[in-house]
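Just the one chain here, the form predicted alone, laid out as structure tokens.
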Amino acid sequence: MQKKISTEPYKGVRDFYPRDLAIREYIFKVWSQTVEQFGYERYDASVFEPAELYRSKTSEEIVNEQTYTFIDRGDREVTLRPEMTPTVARMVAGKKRDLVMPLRWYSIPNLFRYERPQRGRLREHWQLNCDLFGSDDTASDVEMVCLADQLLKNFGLTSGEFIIRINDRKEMTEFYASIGLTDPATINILTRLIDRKTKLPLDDFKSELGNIVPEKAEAVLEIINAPDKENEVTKALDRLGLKNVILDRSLARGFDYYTGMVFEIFSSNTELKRALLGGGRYDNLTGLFSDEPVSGVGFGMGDVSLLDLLESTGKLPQIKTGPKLMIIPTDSKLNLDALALARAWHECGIATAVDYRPKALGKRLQDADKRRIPYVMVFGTDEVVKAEYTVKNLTSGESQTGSFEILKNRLVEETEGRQDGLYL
């Protein structure tokens, strides 16, 4: 007997059944509506990029261990994008003479990383990316944090349910210089280690730190553990009313391209250990493509960690998929008549389907209720002859009887404002 192929998806990715996809679309909708209120425009690009794009400025861990990279039939080294920032930097550099700054752009790309699947992290996910190009003012950094803050609030979170952690790569470089650490390569290695600090046992962290800067390890520890209370960005955020902000000198962010402010947001629920989003300033990234770099600041928010947060905090709304009205013919000979009636409902904007199955009426009513279809209409010979119908609300148990015109007005009124399929 031929071996059957598994029904499981590839490890670390997801199938999106209708309800799962509806949840994803809900997340996308809140993302888009929020950032567009801040004046951001949507762009997109291919999932394929030349591998050299990531070798230039992304961390070695991602390039060497986490990318899906292959040689195509033209003998080119190609990578499925693991992040979006290098792509948008390439796009801006390619058209910068035609673009009017500042640019506020966003995208919702599909990203791929070959890593161990675990809570809050998969090998494939979708991510909101927001970037502001053409301004190096501190207000741009502050705006980016305010946008991230508003996104979480628009998903129903309060400021007490998440913490915004801020640091600054430029300030950290100045601190390192004050203790005699000036070699860029050493600082990059040190930054990557500090980015892993919370994932390592303290003794292991100190041991690796001693290997990198044997004479400066204690001084580095004093810097990253310093009880700094504020810098320019945190002062501005406090002025704007954001009180859940912490200046955290141990925050590093793992990408090599960050040059200034970096930030991450974490849930106040300590069981959710992964950052909900993160980003920062990268003033030199477009310089990879041009002698005239364009300053930029941005962040990314993944759908996996966000969904985990919404589910664990009860913030995910009740999602409804499928038709709002199911017509159930009592005889298969009436199926085409039922379809004709369904088409009339379609013209009214009411999502309607017909249950053609030769099952018992009770079973079909149970199935409609199981699928959380709010309305049903039993369609028999009397309905055809009299042109009078009964619509039952499966939620309330109430029934309404009348002509199509009467029922149409009532049903449209009851479902007005809920045509997107979300019952909040």
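Computed from a predicted model, the values in this text were never measured in an experiment. Start at 1 and count along the sequence shown; that's the residue number.
Heads up, the form predicted in complex with another copy of the chain isn't pictured, but that's what we're talking about next.
Asks: Do residue 105 and another copy of the chain share at least one heavy atom pair within 4.5 Å in the predicted bound form?
Replies: Contact with another copy of the chain, yes.
Asks: In the predicted bound form, does residue 315 have a heavy atom within 4.5 Å of another copy of the chain?
Replies: Contact with another copy of the chain, no.
Asks: Does residue 24 reach another copy of the chain in the predicted bound form, with heavy atoms at most 4.5 Å apart?
Replies: Yes, residue 24 is a contact residue.
Asks: Is residue 18 close enough to another copy of the chain in the predicted bound form to count, meaning some heavy atom within 4.5 Å?
Replies: Close contact exists here: in the predicted bound form, residue 18 approaches another copy of the chain to within 4.5 Å, heavy atoms only.
Asks: Only one of 180, 254, 94, 156 comes within 4.5 Å of another copy of the chain in the predicted bound form by heavy atoms, so just point that one out.
Replies: In short, 94.
Asks: With another copy of the chain left out of view, choose which of 264, 248, 303, 143 has a non-hydrogen atom within 4.5 angstroms of it in the predicted bound form.
Replies: So the residue touching another copy of the chain in the predicted bound form, by this definition, is 143.
Asks: If we take heavy atoms and a 4.5 Å cut-off, which stretch out of 221 to 229, 272 to 280, 73 to 81, 254 to 262 is in contact with another copy of the chain in the predicted bound form?
Replies: In short, 73 to 81.
Asks: Going by another copy of the chain in the predicted bound form, which residues of 9 to 40 come within 4.5 Å of it through any heavy atom?
Replies: 9, 10, 11, 13, 14, 15, 16, 17, 18, 21, 24, 25, 36, 37, 38, 39, in sequence order.
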